[in-house]
Structures are given as C-alpha cells and as structure tokens.
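Take a look at this one chain, the form predicted on its own, written out in structure tokens.
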Amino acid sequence: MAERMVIAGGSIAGLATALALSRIGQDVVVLEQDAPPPPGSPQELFTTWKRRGVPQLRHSHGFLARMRNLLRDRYPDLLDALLAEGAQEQTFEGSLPPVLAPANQPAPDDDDLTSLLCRRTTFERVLHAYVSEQPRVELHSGVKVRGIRHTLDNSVPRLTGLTLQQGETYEDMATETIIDATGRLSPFPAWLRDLGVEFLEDWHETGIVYYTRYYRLLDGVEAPKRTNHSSMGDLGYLKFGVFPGDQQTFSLTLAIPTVETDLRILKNNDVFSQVCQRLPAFTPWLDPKCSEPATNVYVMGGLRNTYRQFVVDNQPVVRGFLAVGEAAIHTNPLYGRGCSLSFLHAHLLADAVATYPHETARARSFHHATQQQLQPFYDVAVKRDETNLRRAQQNMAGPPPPRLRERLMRSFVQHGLATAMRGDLNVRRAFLRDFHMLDLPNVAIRRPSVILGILRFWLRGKRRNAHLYTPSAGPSRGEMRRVLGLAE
C-alpha cells in the first residue's frame, strides 16, 4: 500500500510537490489555509484572490527556463494550459538586443533558454486546477495547521500528526510523513525548536525593499519592441526591471537598499511614476498611448535569504518530516528564482522518495541533492546581496578611490562581459544558462571558450566596442534625489 504523505501548504511548492509525488504513485493530501482560486477572468482573479499566506502574490514573478523545461518535458499539457490562459514564452531569439539579433544563428539548445511570462495568480490557478485532477491527490482549502504531534524514536522526535483548524472546528490528523511547504513564513521551525530539535538555519538579510506596480496595455496595443536599453538595470541606489505578464499586463519593479530610507516614498503612486519616467528602459512602456496603471504600488520588505537543514552529520534530526521550497531554502526575490527553485526542489524530493523507501536514506538523499543543486544558488545570492549593500553604503558616504584590483574587475565587467553579452552569442548563451539555473552558478560563464570571448571584447578597447555599450540607464543618485526634492 502506498504511503500517504501530508503536505502543509498548497501554494506553488506544495502543489508542485503533490504533482511530482502523485506521478510516482504516492497518495498525497494537501492542506492550504487560504481559499481556492476564485472563478472569473485572470484580471478578476488577480484583483480578488485573498492569499494571506503569500505576501508576494502580487509582485513581479519570474518563471525561469529551468522550471519551464520541467513543464515542457514532464507536463506538456500543463504548459499548454498556461499558454492557453495567456502566459507567454520568452525565447532566446526574442530576448536578444537589437544590436545582436541580426547575427543570431539558432543553436540546438536554444529552446532550453525559453522562460515563461505571466502573473503569479494566473500561474497558480492553472497549476491548482491541474493538480486537483490528479487521481492520487486530495486538495483541502481553508484548513489551517495549528500545531504538531510527536513521539520519541530513540531520542529523536518523530512527527505523528497535525492539529488542524477549519472554521471554528479543531481536529487532529494522524500522519506518516509531513511535508512543510508553507513558505518563507513557515511556523514549523518554531514548533520544532519547542521540541528541542537542533536543525541548522543560516540566514542573511537581503538588504532591499522592493516596489511593484502593474499596468495594462491599451486595447489593440502591442508590447514595446526591445531597444538598446536593457529591461533590467542597477544604478547602485536603485534596481529596476520590466516584467511582461499575461492578458496584456506587465509590471514595473523598483528595488532600493534598506539604507536608502528616504527613497521609501516610492510607495506613493505619484513618486513611483515620477521615478519610473526617468528610467529610459521604462519610458516606452509608460507612454499614455501604450498603457495605463492597473494597480497601486505594492511594497515588500523584511526579506531574508534563509537555508534550513534538517539532516545534521548525515542524520535526520526529526523524523516523519521534510521541508520543501521556501520553507527550506529561499533567496532574494529580486533574482526571480523563488518559484523555479521551489518547483525544482519538489522534484528532487520526489526523486528521493522514488529511490529510497526507507525514511532515513530518503532524508539523506534529499538533503544531499539540495546541497548539490540548490545551495550554490543560495550562496551566490548571499554574497551578491552583501556586495550590493556594501556598494550602496559607499555610494551614500561617497566612495573612496577604488583599489587596483577593484578597478580591474570593474573594467572587466563593464568593458568585457557587458559588451561581449551584446556582441557574442556564445557569451550571451552562457550568461543565460547561469541566470536560468540551467547550470550551477558561474559554471557556464567560466568555460574557456566563454572566458576567451569576454577577454577578446575587453582587449578590443572602447572605440571598437562603442556600438555595444548600452545608453545611460538612468540618473545618478544625486540627480534623482534632486528630482524628488530630497536633500543630498
């Protein structure tokens, strides 16, 4: 008889885990505290669906190529359903800047570089409907997990059940295996600490606050064509990005370092618009003949990179329990990896369950797979956030003259990597393989042929690379503060 697994949390990580487990013959019960997706158009869904357990629901989302490829290879009918609901595929060819597009020669693996563009609400409703049709999955909405039950198994706590609340009714559910998919705000770590479970938890502040506003393209208007301005950029004091969505929508996101406290006025619609209008990458999208605002500004802060490990010294520190997705590992949402990481993590868990029927071997396998395939992305995010915060602090204080090594690195990135990405298809493909989690961080970009390509552009000099430089991404910190009436 198949083991029945109980998943706490029915958002993307929980649904992906249920889907992956059901395909290997596991019986799965999913418990979600929020209401199921309501009927109506995708726009009505976006406006009305209440998800207290998903504070990032209405922010910009990225569905990277690694995740889209999982859908293509394992669930092509799910991918078709998403496209039918208005999601778009961003191909490698379609992502090329105008300066590089004419030189494009299709490569065999270019389809692997295709990402998915849509709103989180649209993606999740299609996924919810698809998972609900799987024969081994039970979905229960409006059920809150209020606590855990346990026994001791050779001095190691074993979870044996959950205390549930539905409306005013409380009940206990016996479990064999609990999978925590309740996200970055998971209550399970606190409950486990109360039991004396000594798991490992590493966390670091991301050092950002980000602001998102959604817009609607006017009837009959197509999304602006790509220009020489990158759709994403970093001004040091401000990061920005354009995120096309489904059903004629797109979002604009601005992110500021937490030390830039004066810029938190971006939560005001007028201030947000004022800043966006001064970013050349945004101006075609904001043309009144092109689009109109569809929402107010959404704000999200208090963000951390967190990695929890429940196998220590190769032994599970709690039995009858696994954690998946952002309940186990999450990074700065600015890098757009959250949903893709959760979807991949769900399938790593299913692979471990399929391979190892014994729970200890299963937990070890899942732990090692997470370390090998996901932790490198966590480590890179932590390091990048530390660098970005240090840079922001220096910008505020007035940066000291850079040392020789720092000047060389800055030159290599600005005059080598940046120009090669706009002039060399091989370098661009390598960068995108890194960005889309198709390779571990820095693997593709450090291949000898790629390094040689970057060096070639670096050594050519500014004059020969002049046509490859992007125009100014936006005003300096001082200029922007003057525009906003802030003291420098």
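Throughout, we count residues from 1 along the sequence that is shown. Source: prediction; values computed, not measured.
What follows is about the form predicted together with a small molecule, which we do not show.
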The small molecule in the predicted bound form: contacting segment from 383 to 391, 221 to 229, 324 to 332, 347 to 355, heavy atom within 4.5 Å: 324 to 332
Candidate site Lys144, Ala181 and Met300: all three near the small molecule in the predicted bound form by heavy atom within 4.5 Å: yes
The unique member of Gly53, Pro36, Gly40, Pro441 whose heavy atoms fall within 4.5 Å of the small molecule in the predicted bound form: Gly53
Contact residue in the predicted bound form, chosen from Pro284, Pro187, Pro293, Gly86 - any heavy atom within 4.5 Å of the small molecule: Pro187
is_contact(Arg119, the small molecule) in the predicted bound form, heavy atom dist at most 4.5 Å: no
Close approach of His59 to the small molecule in the predicted bound form, 4.5 Å, heavy atom: yes
Touches the small molecule in the predicted bound form: Gly320 (any heavy atom, 4.5 Å): no
Any non-hydrogen atom of Cys339 within 4.5 angstroms of the small molecule in the predicted bound form: yes
